[in-house]
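Form predicted alone, single chain, as structure tokens, below.
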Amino acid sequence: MLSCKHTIAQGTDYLDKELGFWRKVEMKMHLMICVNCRRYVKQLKQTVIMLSKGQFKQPSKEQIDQLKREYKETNSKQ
């Protein structure tokens, strides 16, 4: 039986159908009993679908500069 750690590490291989037969069976068995890993694989699949459709816009230069300023301010306070 796969552990959660192994399931997460092989999540993309599972979705890309790159696992061998027995590893895929182990993965499916683990996903049947582990709600957290099932949730993780579902979110990973949704992320892959969104990225493949190009639904994300590149941030503007102003947005990047704003993020850099906020990051520097946050880190300088710590």
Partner chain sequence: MTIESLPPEDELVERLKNNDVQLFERVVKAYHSAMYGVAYSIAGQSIADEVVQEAWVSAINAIHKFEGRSALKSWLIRITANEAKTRLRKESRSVSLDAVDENWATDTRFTQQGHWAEGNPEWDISSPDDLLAADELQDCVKKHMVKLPDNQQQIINLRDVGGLDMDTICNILDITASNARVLLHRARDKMQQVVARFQRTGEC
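Take the two forms, find the largest set of C-alpha atoms that superpose within 1.5 Å, and that set is the rigid core. No experiment lies behind these values; they were computed from the predicted model shown. Positions refer to the first chain, counted from 1.
A second form of this protein, the form predicted in complex with the partner chain, is not displayed here; the remarks below concern that form.
Remark: L44 counts among the residues lining the partner chain in the model of the complex, judged by a heavy atom distance of 4.5 Å or less. Although the partner is absent from this view, M29 stays clear of the partner chain in the model of the complex, with no non-hydrogen atom inside 4.5 angstroms. At a distance threshold of 4.5 angstroms between non-hydrogen atoms, F56 is in contact with the partner chain in the model of the complex. Contact annotation for I49: at least one heavy atom lies within 4.5 Å of the partner chain in the model of the complex.
If you fit the rigid core between the shown form and the other one, you'll see the Cα of K17 move by less than 2 angstroms.
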